[in-house]
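Laid out below as structure tokens are two forms of one and the same protein chain, each shown alone and named structure 1 and structure 2.
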Structure 1
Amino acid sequence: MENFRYLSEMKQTILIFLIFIAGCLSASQSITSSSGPREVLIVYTGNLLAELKPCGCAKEEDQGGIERRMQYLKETRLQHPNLLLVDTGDHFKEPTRQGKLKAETLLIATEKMHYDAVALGDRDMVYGSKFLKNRAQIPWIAGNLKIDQFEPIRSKVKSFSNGLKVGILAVADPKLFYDHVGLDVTDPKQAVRNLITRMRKTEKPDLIVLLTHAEKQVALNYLKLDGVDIVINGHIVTESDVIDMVPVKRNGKLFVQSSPRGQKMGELRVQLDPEGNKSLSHRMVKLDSSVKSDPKMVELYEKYNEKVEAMFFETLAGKRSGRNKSVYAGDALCKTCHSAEHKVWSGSRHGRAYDTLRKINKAFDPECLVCHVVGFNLAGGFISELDTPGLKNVQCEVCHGPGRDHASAPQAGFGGKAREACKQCHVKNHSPRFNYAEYWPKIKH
């Protein structure tokens, strides 16, 4: 009996000892992992031009949008707790009423995405500083812009749970700014130098990321500045601009550029070993249809769409009262004399272009109608399905020109410049594969 108890006590001691050993092992493991390289994932966007959602005209260009971006961010944040999210600016397009609606929606989305720093570009000033200031939850950052009644932060240091500290700065090239009242753009390089000096004295970041807003060749020079580890540049003029997204490596530093219109997310993985050596890797992630849509952003987009619809109906009255006798005849009239051509046309995709919009609840969006009906925004052209039912779709007169006169007094030689019409609508962002020799045979009549 005694022996037995002794044995069981022995067992307990051994067990405790084993637990102790196991504890030591796991402790030593955690020591090795915290002394290994530490990592931050920098995710960047820019050049958004208020694009909320891709139009869906062509598969290749079906990338980006707030619905997919949010979903990507949610998934990526789950995988990488140490994530830094930044934007290089140029959020808006030209200032129109619909443009402003988009801009507002985009900024609401930006707030919800919890960026760490959002730089300001030349296009961000189009609605004035108050418009930006109203979105107080967005961490606007600008090292060299002095803006009336608006104080973006000058620099920022973010500390991560693994102990890493990343400094973030942003500057814009003064040459990109027209004379804006209430805006003063100071020397960007001097601003960077001053801010880095201050940062190094106070917060002592392990890594410094500089967001620039400039032409590529100008922005590349910032890699030379002492203390800068990474330059992320953005700047876009038109929505069809091609942007070189191939990273440039120089002396262990990295230069990258944001994708146009939020089509792709930039990812920079930075590792720092205990000796302070940095290793950087880069990739672009395409936000194509394989990325799901975040339900909250779908809702936000839906709200925007409803406002566009309301705006469309509001402007109808004005268009109706200014209406003259139309210069357009409509396809039904052309059909009376050109039935063979009409038959080919009505079987083509041009003959269904309005339905395409209706199916996706877009038949009221001026930004879509302009290429999917006859003469939208032109005198005598499409107003609405109710007002001008005969001018839906991409009809004969889109290519051959207004034909009311021809229909009442037909003559040979009418509409001879049709070949030149294609490029009005078959532009890069909406029809990247367009090639006359391949497209014409599909609609030949």
Structure 2
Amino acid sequence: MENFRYLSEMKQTILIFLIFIAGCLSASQSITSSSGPREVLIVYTGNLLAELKPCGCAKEEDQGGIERRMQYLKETRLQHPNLLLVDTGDHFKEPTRQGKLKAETLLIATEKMHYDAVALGDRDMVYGSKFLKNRAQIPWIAGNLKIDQFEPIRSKVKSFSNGLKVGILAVADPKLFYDHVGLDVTDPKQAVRNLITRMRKTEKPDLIVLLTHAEKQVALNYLKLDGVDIVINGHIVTESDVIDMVPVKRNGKLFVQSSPRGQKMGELRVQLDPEGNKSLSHRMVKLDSSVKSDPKMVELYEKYNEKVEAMFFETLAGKRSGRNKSVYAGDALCKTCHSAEHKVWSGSRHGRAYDTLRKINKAFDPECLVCHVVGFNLAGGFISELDTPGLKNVQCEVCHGPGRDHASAPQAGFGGKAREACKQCHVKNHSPRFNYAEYWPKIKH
């Protein structure tokens, strides 16, 4: 009996000892894992201008779009669970009916992409505060914007599974905002100082990221502020703006800018060692044809396309009823006197510009038609393929001007400003390599 009791006690002692050893090993492993550098991947976008999908006019500009961005995010999140996703603002382009359709589609996509913080720029106010408020699932952030009937968050801290805590702030330059009713823009630097002071006292982040919306030289000054580790800036005036995306390093801090129209994804890899030392690396990822399209975003874009098509046919009745005598002659009439020139034109890409829209199901998109037909949205110009079939393609009168009067009474000197007409459609995002001296020989006549 005593032997049995002795063995039982020995087993208990051994069991306790094993549990103790296991605990020590676990604690040792925990200490070892926490003693190494901790990492967070910051992914950023901005300057989108409601670019849902690249038009595809030029291979060099075939980058970006919600379909590729979503696919990139899905793949990147699988590889980097500690990921912070932010945007610097300027989501919308102009307050038109089609522009609003694009803006609504973009915000639906933004919700589905699960951003951690989305800053507000001057372009984001074009549809008013209610338009933004209706998308409450988007984490709008603005440290120095006070907007009637809409209250974006002022700052936030995100905690990651590896123990890192990242503080996020956003401010905008007051000079970019004009007569926006119901908007008050306070001093941005003071807002940053106040928010950082409060953040340090309450949540004690390991890293502070500041999203700025300003001109580059203005935004660079924020690197001087105490507590700011990274400045990510965004601001764009036109879709042809060239953005300097080369990072700037100063005193262990980093400044970067968002790509125009969401063509590239910015990546900042940040590592912190146990002593709090930071290591920063940066790269831009092209969203070109090598990135697949996310099926859900493809479906969302198709719904947008259907709405644009419905809008196009809805407006036809009004255009037909208000149709005036056309000031355009059409290529068939031009051909009677300029047969040699017409032959050259027929063999050029200008001569089949409308067909390129039909192939990609865009022959109803006003933003595309304006550069693929004659006089779209102008008096007497193209209405539809059925109403004005003689005005399809980039014809003579796109470059030389309306020619019906000239055809009736030909005179020398007509159409002398053709060179200036090229610049209307051969802009950077559609034709980045355009050079008149090089392009003219291709269609010379």
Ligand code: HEC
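What you see is a predicted model; the values in this text were computed from it and never measured. Numbers given to residues start at 1 and step along the sequence of structure 1. Between two forms, the rigid core is the largest collection of C-alphas that superpose within 1.5 Å.
Asker: Pick one: which structure is the form predicted on its own?
Answerer: Pick structure 2 here.
Asker: Tell me, please, whether between the two structures the C-alpha of residue 420 is shifted by 2 Å or more, with the rigid core used for superposition.
Answerer: Shift of 2 Å or more: yes.
Asker: Residue 53: with the rigid core matched between the two structures, does its Cα shift 2 Å or more?
Answerer: Shift at residue 53: below 2 Å after core fit.
Asker: Inspect the rigid-core superposition and answer whether the C-alpha of residue 389 shifts by 2 angstroms or more between the two structures.
Answerer: False for residue 389: its C-alpha shift is below 2 Å.
Asker: Could the core-superposed CA displacement of residue 407 between the two structures be given in angstrom, to one decimal?
Answerer: The alpha-carbon displacement, core-superposed, is 2.4 Å.
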